[in-house]
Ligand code: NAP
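This document opens with one chain alone, in structure tokens, the form predicted alone.
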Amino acid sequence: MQRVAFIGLGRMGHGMAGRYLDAGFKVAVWNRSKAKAEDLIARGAQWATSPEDAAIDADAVVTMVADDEASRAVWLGKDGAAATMKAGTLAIECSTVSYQHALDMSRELTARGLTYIDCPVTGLPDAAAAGKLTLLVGADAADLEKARPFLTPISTTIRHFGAVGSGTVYKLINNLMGAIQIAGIAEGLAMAEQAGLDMKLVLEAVETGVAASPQVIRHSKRMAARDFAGATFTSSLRHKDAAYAVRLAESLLSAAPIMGRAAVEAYDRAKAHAPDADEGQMIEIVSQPKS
């Protein structure tokens, strides 16, 4: 029986770890809060006292944590997973990290004889729990084939963008475009409200018009209804991803990333307003009438 160590049991990671149990893997789990692991433990997961403990004898270690700092800590920090990983073990980074961080982790873990791939995901928590994520992979082709048995249980689609780091590049592009769209729909709906338009008709027009996208359709009704129960993605996380994306854009483009910087500024405000709340609350920031 192949053994997976899963590190990070947040909104996405919890469901992903559960998929490995469903697929018959032996699963060790670690999270800062053990409470989030209790139902997985009841289903057969082994609780680990640290990432280092989780990684003992693992065939693959999968991480799903918040940012660069958290990623470095669980791989290479005190009690980090790399300390007990055997040579050749897969290090699968599903976290959304910065491009430079993915390259740094690849270099440092490869130097220890490990096989690092960056594998950020797209999809909501319900897709994670159902094994229906899309994986955005950066890896050597041979490494991807080695990792495929550990990717199949959590995904329906695997997009291989190229060498290590390339999956992260696309994920940051994707999430920056999402940030721009969400900030845009918040402003548009706020304008419609203040102008006194029929919001039912506005939503119908938005969702069937040329400006529609999955992000716009998903957020527009919730914004108009101010329905933010069960946050699927927070303002803090979107701000982090947009900031990482802008940093990458600044290293690649000759012109300043104007739209990207505007999105980061918008999410600066959203993060200050409600950092751990649903990002759709952006509309509450921009909907005040002009005095």
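Residue numbers here begin at 1 and follow the sequence given. Predicted model, so just to flag it, every value in this text is computed and none were measured.
From this point on, the text means the form predicted together with the named molecule, which you will not see here.
Visitor: Could you check which residue among 179, 74, 117, 85 gets a heavy atom within 4.5 Å of the named molecule in the predicted complex?
Guide: Only one option qualifies, and that one is 74.
Visitor: Select from the listed residues 65, 246, 29, 266 the one whose heavy atoms reach within 4.5 Å of the named molecule in the predicted complex.
Guide: After the contact test, the surviving option is 65.
Visitor: Just one of 203 to 211, 139 to 147, 119 to 127, 160 to 168 has heavy atoms within 4.5 Å of the named molecule in the predicted complex; which?
Guide: Within 4.5 Å of the partner lies stretch 119 to 127.
Visitor: Verify the contact flag for residue 11: yes if a non-hydrogen atom of it lies within 4.5 Å of a non-hydrogen atom of the named molecule in the predicted complex, no if not.
Guide: Flag for residue 11 set to yes.
Visitor: Please run the contact check for residue 233 against the named molecule in the predicted complex: heavy atoms, 4.5 angstroms, yes or no?
Guide: Yes.
Visitor: In the predicted complex, does residue 237 come within 4.5 Å of the named molecule, counting heavy atoms only?
Guide: Yes, residue 237 sits close enough to the named molecule in the predicted complex that at least one of its heavy atoms falls within 4.5 Å.
Visitor: Test of understanding: in the predicted complex, would residue 261 fall inside 4.5 Å of the named molecule by heavy atoms?
Guide: No - in the predicted complex, heavy atoms of residue 261 and the named molecule never come within 4.5 Å of each other.
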